[in-house]
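What follows is one chain in structure tokens, specifically the form predicted alone.
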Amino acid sequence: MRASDLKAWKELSRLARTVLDIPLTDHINSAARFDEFAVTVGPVTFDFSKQYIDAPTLKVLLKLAEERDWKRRTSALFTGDVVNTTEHRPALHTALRAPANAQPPAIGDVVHRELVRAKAFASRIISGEWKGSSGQAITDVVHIGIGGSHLGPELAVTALADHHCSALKMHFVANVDGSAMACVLRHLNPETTLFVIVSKSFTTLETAQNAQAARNWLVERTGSLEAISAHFIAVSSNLEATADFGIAGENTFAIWDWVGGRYSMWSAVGMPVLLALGPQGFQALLDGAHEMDEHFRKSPAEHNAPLLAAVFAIWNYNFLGINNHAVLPYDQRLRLLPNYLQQLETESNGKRVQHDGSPVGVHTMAILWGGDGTTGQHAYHQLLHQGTRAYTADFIVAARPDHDRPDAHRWLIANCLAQSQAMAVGARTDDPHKTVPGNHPTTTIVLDHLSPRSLGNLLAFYEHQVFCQGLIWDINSFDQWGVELGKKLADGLFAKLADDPRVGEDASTQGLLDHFHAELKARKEN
């Protein structure tokens, strides 16, 4: 059944016809507003009080989730039922951070056996026990992956810089653009560099190209194929391919087909996070995520942070006509959060058909973008305050800093609160050039401070919000078939860039091919 055919959906459509007649200020001025619409989960508070919502509308939104049987389907997610219906797989990323005694029976102890292996390996690298081919300890780690194999680990390493327990320098390469790898390798010593290659299939184009470039670089500079085993590890399910590459079996860590790439940071895919934070810090990240898992699994709908965020998003996107969502972290360390959420949310829910293949019939995920803190206020916030586009936003800020500049942190918080207030309330003046309409719904997320625990909690919150949105739209949040077409077309075009056949392409693409061939020819002649 389409979402638009649900009883609650029809009732929400009726409510939406009149809701915008009431200014958002009328809602948020209620004395009990914050207490009514804020939820705290461990070290994180989710303030929904500036959403364009009232108690009667919320009641119907939660009926919508009930019509989609959210409680039973949430249980199915955690127990390992097939929720990824197009690939006939469960989605058990929650098992990656669950304690050993809370693992789903379907997977036994494989997660914890692999976690013990990964922690032991990380300890050897951090302590200097692991030596490179010349007997020197590792000083630099280059993580090679793309998409979900890259965005989460880079975000966590960057965000938790104040919690690093090792002196290892972390580098990340994802783009197939050769300049990306060249820039990273330029200042590294092959004798003290470890490469972490992350690819479930070990055939992902970008990762395979960059891994081969790193391998060539190492062999050329050490003069030894044997050096590969001392400087490369892999996270993959293709043991034959990793062995052919030269990576020993004991240096290959598992990733399972029931873990999607964008949900995989909690496994050995997060090796750079483990190497930066150490086993204890990485465990705190897992514990923070598990804390949110337990909240999501056990809390009633009216106090369930991920479910509330999901239904408010549905309200905004499908009933209030909003098609843009800005992620605005007021913390320089969280500057990569918008990039991470772009993949998590838009790759998961950027879909047009339901589980049965029929059209979903309504808009799904909004365009997600964003940037960090006060720098955005001097750029695109002008559009947010006085532009003509509808949008919603998430503000993320830490209550306590990890530095000794309290005035700077108070200014940061003041700016965060001021921006969310301005978006909600606006300003009415006699000068139309200075009028700010307001009435934009936002959520403010407050971490007690930015720590492994609070970051784990926050990222798991967003994962579960994505799941809840998907079940209401009745789409599969765990596949990504839309990225495959471009890959297939690129294979053919790669060959044509070398051989110059003039068949089979549309006129526009053929014109571009001709242009590139002319440029390559001119380069050879010169």
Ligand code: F6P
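Keep in mind that what you see is a predicted model, and the values were worked out from it rather than measured. Residues carry their position along the shown sequence, with the first being 1.
Only in words, not in the display: the form predicted in complex with 6-O-phosphono-beta-D-fructofuranose, which the text now covers.
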- Pick from T85, Q421, Q342, S201: which residue has any heavy atom within 4.5 angstroms of 6-O-phosphono-beta-D-fructofuranose in the predicted bound form? S201
- Name the single residue among H143, R97, H440, R262 that comes within 4.5 Å of 6-O-phosphono-beta-D-fructofuranose in the predicted bound form, judging by heavy atoms. R262
- Query: Since the chain is shown here on its own, which stretch among 329 to 337, 111 to 119, 343 to 351, 366 to 374 would lie within 4.5 Å of 6-O-phosphono-beta-D-fructofuranose in the predicted bound form, judged by heavy atoms?
  - Reply: 343 to 351
- Message: Even though the partner isn't displayed, in the predicted bound form is K487 close enough to 6-O-phosphono-beta-D-fructofuranose, meaning a heavy atom within 4.5 Å?
- Response: yes
- Close approach of S149 to 6-O-phosphono-beta-D-fructofuranose in the predicted bound form, 4.5 Å, heavy atom: yes
- Answer with yes or no whether A498 is in contact with 6-O-phosphono-beta-D-fructofuranose in the predicted bound form, where contact means some heavy atom within 4.5 Å. no
- 6-O-phosphono-beta-D-fructofuranose contact in the predicted bound form: V483, any heavy atom under 4.5 Å: yes
